[in-house]
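Starting off, we have a lone chain in the form predicted on its own, written out as structure tokens.
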Amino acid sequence: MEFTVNQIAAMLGGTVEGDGQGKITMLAKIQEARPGHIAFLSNPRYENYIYNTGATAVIVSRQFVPRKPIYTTLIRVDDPYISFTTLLEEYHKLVSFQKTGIEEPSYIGSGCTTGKNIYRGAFSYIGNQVMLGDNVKIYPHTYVGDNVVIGNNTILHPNVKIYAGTRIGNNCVIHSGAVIGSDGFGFAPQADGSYKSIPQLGNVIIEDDVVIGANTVIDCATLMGDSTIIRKGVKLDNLIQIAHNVEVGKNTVIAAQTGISGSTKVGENNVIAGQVGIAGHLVIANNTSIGAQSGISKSIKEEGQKILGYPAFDIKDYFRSYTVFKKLPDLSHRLKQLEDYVYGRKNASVAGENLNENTHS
């Protein structure tokens, strides 16, 4: 794929300084770029690279003032980092949505409806009564169960498993190995000590613009008519477990190896770091930030909190507590010295009193 500098500038709403007809075929780091590449400069620490970069064009801030002559073409924008991210997104879309058509062998059941520019990879399986929107891409070895609905411009990468009844919105990306709609962890203890499985009859709803990382699992709701819900704009990392009847609010981001137990409601615009454990039937308020490896055992009702630890509490209090925690060995040693001194004096005093009594007697 090839674009001119002018075309890229128009896409980003930028202005060109230099050769607008230069041809761009690849995105690159400013320190590694060669002719035909486009890079960006956002961090001032990398400014020296712009004076000798091999890039055909570099995206810079409108306020950037060079200290030396520049021999590459500049595209001036409001925010170079955001603009380069936009460019990456557009490039990714072009690459991701190139594939069309049906590879064999593949299977599609009865009563299905498909939109335009569909791609179905080899060994993919589509169940009955499935609805696929325009430009949906289903890569090889992917399973889509009965009565699934998938919106426009959604990509299912290889080996994704979508259980029956799942609803997926527009512009979603689900990465390899993800499992959507599997049974929740529901088992009833029996009198003899065994466990009986509780049927899981609900579904999963994934709204628009959601990204789900590799090997992440989202369980279906327990009762028919109920749903586990991932709201619009949520971004899930790899290896995340979301249990039955959980709801994750819009624009929340969750890092790898986090687990959310059943029926918990996570608010909007939350940031949840890696290896966080959240107990069941809790409510996490909007705009909450939870640090890595935290354990959440009770609801967070106040918005905008930053918490850390196990059990988690306010991050400022956590770091103050940790400062004391690091000193515990020294404090313990000093306490022992103090005890030895106090008890030593006391014992010496008692011994002296006993000596005096014996002398007087």
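A residue's number is simply how far along the shown sequence it sits, counting from 1. These figures come from a predicted structure and were not determined experimentally.
Below, we turn to the form predicted in complex with another copy of the chain, even though it does not appear here.
None of 129-137, 68-76, 110-118, 170-178 except one has non-hydrogen atoms within 4.5 angstroms of another copy of the chain in the model of the complex; the exception is 170-178. Proximity to another copy of the chain in the model of the complex, taken as a non-hydrogen atom within 4.5 angstroms, holds for one residue of S289, S263, N152, Q257, which is Q257. Contact with another copy of the chain in the model of the complex, defined as a heavy atom within 4.5 Å, holds for exactly one of N43, S299, N52, S332, namely S332. The shortest heavy atom separation between E32 and another copy of the chain in the model of the complex is within 4.5 Å. Proximity of Q305 to another copy of the chain in the model of the complex falls outside the 4.5 Å heavy atom cutoff. Remark: Q293 counts among the residues lining another copy of the chain in the model of the complex, judged by a heavy atom distance of 4.5 Å or less. Taking non-hydrogen atoms only, R62 never approaches another copy of the chain to within 4.5 angstroms in the model of the complex.
Along 230-262, a non-hydrogen atom within 4.5 Å of another copy of the chain in the model of the complex is carried by K235, L236, D237, N238, L239, I240, Q241, N251, V253, I254, A255, A256, Q257, T258, G259, in order along the sequence.
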